[in-house]
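So this first bit is one chain, no partners, the form predicted alone, shown in structure tokens.
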Amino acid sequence: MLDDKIKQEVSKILANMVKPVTLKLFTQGNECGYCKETHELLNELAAINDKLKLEAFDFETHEAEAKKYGVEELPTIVVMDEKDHGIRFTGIPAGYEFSSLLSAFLMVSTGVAKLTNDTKAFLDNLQKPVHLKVFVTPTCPYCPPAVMLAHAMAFHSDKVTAEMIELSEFPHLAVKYGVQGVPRTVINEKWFQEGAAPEDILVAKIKEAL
């Protein structure tokens, strides 16, 4: 799925990795539209850098593992080290979202989440769980910053879980959450932030939701 030029660029980017990163991929046979392609993509990435460790699970065969990580839609990628930080990709991270995937690798590997001190202080004092669902499409250039911000919050705080959701693969979720444009961040199922909001705006919306 990646040509030689892209592989070379990815190799340069991933050369900054420090610790190993585990990719837990949940798929399911032929019933899953982009499971095969997602598996191929992660296989190619794991071949580029040996710090990426791919573990693939069939949703039906490994039901307990899927439940452990809260996986409900397929394909889902969990990006983690020895700890699950709540970073998820639901649907294939293609197009512009490929950059979000590489960003998640580097963040988990280096341990560096690019957040302001004010945001970190807010996250450190969270009393309730926060679940962020960021709806995207592969052709949306404004979506990766929204995904990266949500993932950074999840990496910093054990109270936060953040998942990218590729809109066209899950139309039932688009209907459920009334998604008419992307990016759209759903906060704890009932609150919404439209667009690639700056960090302070998203924090304010999370405070409102809580």
Partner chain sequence: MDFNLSFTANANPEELYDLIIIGGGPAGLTAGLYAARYKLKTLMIEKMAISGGQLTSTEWVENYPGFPEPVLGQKLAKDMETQAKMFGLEVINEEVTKVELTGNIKQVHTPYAVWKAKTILISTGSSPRKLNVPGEDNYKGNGVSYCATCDGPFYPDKTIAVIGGGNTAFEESVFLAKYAAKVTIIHRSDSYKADQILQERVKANPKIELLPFYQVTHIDFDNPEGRQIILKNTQDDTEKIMKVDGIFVFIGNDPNTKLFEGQLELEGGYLVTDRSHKTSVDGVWAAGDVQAKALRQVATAVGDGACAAHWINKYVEEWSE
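Here the structure is a predicted model, which is why all the values come from computation and not from measurement. Positions refer to the first chain, counted from 1.
From this point on, the text means the form predicted together with its partner chain, which you will not see here.
Taken together, the three residues 80, 122 and 187 all stay farther than 4.5 Å from its partner chain in the predicted complex, as judged by their closest heavy atom.
Partner proximity in the predicted complex, defined as non-hydrogen atoms within 4.5 angstroms of its partner chain, places exactly one of 173-181, 63-71, 49-57, 24-32 at the interface: 173-181. By the criterion of a heavy atom within 4.5 Å, residue 90 is excluded from the residues contacting its partner chain in the predicted complex. Although the partner is absent here, residue 129 is not a contact residue: none of its heavy atoms lies within 4.5 angstroms of its partner chain in the predicted complex. Taking the partner from elsewhere, residue 17 is found to have every heavy atom lying beyond 4.5 Å of its partner chain in the predicted complex. Contact annotation for residue 210: none of its heavy atoms lies within 4.5 Å of its partner chain in the predicted complex. Contact annotation for 68-104: residues with any non-hydrogen atom within 4.5 angstroms of its partner chain in the predicted complex are 92, 93, 94, 95, 96, 98, 99, 102, 103, listed in sequence order.
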